[in-house]
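First comes one chain, alone, set out as structure tokens in the form predicted alone.
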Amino acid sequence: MLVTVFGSLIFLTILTVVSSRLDLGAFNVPLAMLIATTKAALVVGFFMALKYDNRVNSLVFAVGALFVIVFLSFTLLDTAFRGDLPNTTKGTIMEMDAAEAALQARQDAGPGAAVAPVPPPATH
């Protein structure tokens, strides 16, 4: 059994090297992660004897792996959208409210009325 698992690991390693030389576009990383996860499962299951151990240990390992996947997903989502900040404005909310109130006062006063100028937002 161990020789078969070892042969599978060698095959998956060769598959990893071959797939890294191919340009699969967006599928490069998911394929590499799938192969690495398969190799890790084989090592943990057979060489570390988790397959033949108490089921509670398998449950603990599975829950730990699930949390790693969740935390990595949150991290990748954060870094994927980190540069998406064009919707921010300069100035504080209070300064924006004051500028909006001044504009409203200018519109309510009508044309030709003397109204204080709208203050520009502060730059930080």
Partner chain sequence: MAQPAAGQPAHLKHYFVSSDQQFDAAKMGMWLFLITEILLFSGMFVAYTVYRVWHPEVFEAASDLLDWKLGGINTLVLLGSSFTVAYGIQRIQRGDRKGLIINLLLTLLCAAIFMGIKYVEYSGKFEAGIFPGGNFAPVGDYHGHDMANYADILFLPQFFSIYFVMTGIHGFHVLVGMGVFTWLVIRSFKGDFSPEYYTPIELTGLYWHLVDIIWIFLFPLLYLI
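Residue numbers count along the first chain shown, from 1. Each form is matched to the other, and the largest set of C-alpha atoms that superpose within 1.5 Å is called the rigid core. Quantities reported herein were computed from a predicted structural model and do not represent experimental measurements.
This next part talks about the form predicted in complex with its partner chain, which is not shown.
Tell me, out of 102, 10, 24, 109, which residue has a non-hydrogen atom within 4.5 angstroms of its partner chain in the model of the complex.
The residue in contact is 10.
Residues in 52-67 with any heavy atom within 4.5 Å of its partner chain in the model of the complex:
53, 54, 56, 57, 60, 61, 64, 67, in sequence order.
After the core is overlaid between the shown form and the other one, has the C-alpha of residue 101 moved by 2 angstroms or more?
Yes, the C-alpha moves 2 Å or more.
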